[in-house]
Structures are given as C-alpha cells and as structure tokens.
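Next up is one chain by itself, shown in structure tokens, the form predicted on its own.
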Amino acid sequence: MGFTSAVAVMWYRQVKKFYMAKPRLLGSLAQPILWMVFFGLGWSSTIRGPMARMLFHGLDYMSFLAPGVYMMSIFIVSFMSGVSVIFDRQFGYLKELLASPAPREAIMLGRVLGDSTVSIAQATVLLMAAKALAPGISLATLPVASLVGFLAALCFTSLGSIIAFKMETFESFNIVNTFITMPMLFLSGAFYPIDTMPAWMRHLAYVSPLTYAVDATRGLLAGYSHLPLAVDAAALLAAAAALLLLSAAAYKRATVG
C-alpha cells in the first residue's frame, strides 16, 4: 500500500469509527454545551454593565466565551482521540497495523487527520448552535477560524496519541487526561482574559498551543485578540509540526508484546 492510500484509508477509518460510536459522539458534544449554557449564562447574568464590557474588551460575556468553547470542543475531542490507540492495542488492531507493509508515518498521519476532521466538524456544529446565545460573534470568518481550529486539532490529536503510546490502560490515560486538560483549559483564556491573570500564570499560558488557538479564534469570530493573528498562527504551525513529528516517531518505535 502506498503512502497516500494508507493515509486515506486511516483517515476514513477514524472518521467512520467515531460517528458509529453514538455515545462518544453525544458525550463529546455535551460537555461544551453544558459549559456554554450553565457556566456562560450563569456568569453573563452576573457580569454586566460598563465594567464588564471593559473587562471583556467590549464584548458581552457569552460572545467572549463562545470562541473559547468552540476551541474547547476541538481540544477535548482531539486529545481524547488518543484513547483509540489504547483500544487498538487491546483488541489487536494495532498489531495488524504495525505488521502491515504500509509506511508507519502514513498510518499515523491518516489517524491524526481523521481525528482532526471529526473534531472540526463537531465544533462547527456547536459554534453554529452557540450563535443563538452569543450574538456578538460573526460566522463570516468561520472558514479561517476552521483553519486555525484544524491546526489546533493536529496539535492535540498528536499529543493525545503520543501520551496514549505510553499508556497500557484506559484508566491510566484518563488520569493523565485530567492533569493535562483542566490546567490547559483554564490557562488558555477561554473563560477569562489572559491579561487579568497573575504574571506567573500568563507565563504558563503562553507555553500552551491552546492559548494561541483560543486567542486567534476569538479575534476572528468576536473581533478581539490579545496577540496579532500572525503570531498565533506561527505558534500553532510550529507546535503542530513538532507534535506531528513526535507522534510519527512514537508510532515508528511502537511495539506490541
């Protein structure tokens, strides 16, 4: 099997596998929706007036939150796609892949592209629904925001896969998932502005690719960003390239006992 064919087959397999798993599909949509409805509506009724507009740079809270929740959805679905690596190992499919003549780099690339496609599709549906709650966002720039989201999805799908190759069980992955995803989400600026954080938190925030993804998406959809779009895009490109290479290397070294 050639490189391109292997990529296409794995892309199709990951997309089909996700959409056949209805509980996983509904679960990955439920969490961002709950954040938007309960967290967003709860805080938007509390944070009002001129001071609130100043704090959120002229935006109402729901319009500030919506781009963050859009990127949160991409992050969660992309990162959790690493579970499929453990699933494949436990049910013997990974052994078949490793023994196949297809290039391992192509297999990994197809897996990452498939999972990234799924995360973008879901997040786009979520954002269109969120428009009803966040009138301050514009969907005119959604195609460009989707490109930013796709770069972020490549980052976090690769990261999830790298970690999954080190894990033997779903429970181990879930423990690591908790320690990684929650700090990254709260440091990303998805829920409150980065410039309101203490200095030490801002330094940590700028280490994470999710921060740049949220900032770029908010700039495109809501008209405010902390950094120039070019800086956000460059950071995401660098992170995506580095993590893709690391995930390909992890797959190349993988063995199944």
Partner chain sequence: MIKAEGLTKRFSSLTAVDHISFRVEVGEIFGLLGPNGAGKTTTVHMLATLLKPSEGEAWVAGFSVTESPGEVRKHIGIVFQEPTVDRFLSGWDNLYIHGMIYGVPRGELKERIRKALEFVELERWAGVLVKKYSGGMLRRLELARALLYEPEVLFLDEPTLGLDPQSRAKMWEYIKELRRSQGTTILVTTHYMEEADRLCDRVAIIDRGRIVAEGSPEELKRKLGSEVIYLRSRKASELIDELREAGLSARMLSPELIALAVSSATEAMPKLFTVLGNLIKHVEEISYHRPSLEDVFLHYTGRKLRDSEADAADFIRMVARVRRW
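Residue numbers count along the first chain shown, from 1. For clarity, a rigid core is taken as the largest C-alpha set superposing within 1.5 Å between two forms. Note that the structure is a prediction, hence the values are computed from the model and not measured.
Unshown form predicted together with its partner chain; subsequent notes refer to it.
Peer 1: Each of 95, 99 and 170 near its partner chain in the model of the complex, meaning some heavy atom within 4.5 Å?
Peer 2: Checking in the model of the complex: 95, 99 and 170 are all within 4.5 Å of its partner chain.
Peer 1: Just to confirm the contact call: exactly one of 117 to 125, 101 to 109, 156 to 164, 136 to 144 touches its partner chain in the model of the complex at a 4.5 Å heavy atom cutoff, so which is it?
Peer 2: It is the stretch 101 to 109.
Peer 1: I'd like to know whether residue 174 contacts its partner chain in the model of the complex, with contact meaning heavy atoms within 4.5 angstroms.
Peer 2: Contact check for residue 174: no, nothing within 4.5 Å of its partner chain in the model of the complex.
Peer 1: Is there a heavy atom of residue 9 lying 4.5 Å or less from a heavy atom of its partner chain in the model of the complex?
Peer 2: Although its partner chain is absent here, residue 9 would touch it in the model of the complex, with heavy atoms inside 4.5 Å.
Peer 1: Would residue 179 count as a contact of its partner chain in the model of the complex, using a 4.5 angstroms cut-off between non-hydrogen atoms?
Peer 2: Taking the distances in the model of the complex, the answer for residue 179 is no, it never comes within 4.5 Å of its partner chain.
Peer 1: For the heavy atom contacts within 4.5 Å of its partner chain in the model of the complex, list the residues of 111 to 134 involved, in sequence order.
Peer 2: Nothing in this stretch is in contact.
Peer 1: For residue 170, does the CA position differ by 2 Å or more between this form and the one not shown when the superposition is done on the rigid core?
Peer 2: Residue 170: C-alpha displaced by 2 Å or more between this form and the one not shown.
Peer 1: Tell me, please, whether between this form and the one not shown the C-alpha of residue 119 is shifted by 2 Å or more, with the rigid core used for superposition.
Peer 2: It does not reach a 2 Å shift.
Peer 1: Under a superposition restricted to the rigid core, does residue 84 display a Cα displacement of 2 angstroms or more between this form and the one not shown?
Peer 2: The answer is yes; the displacement is at least 2 Å.
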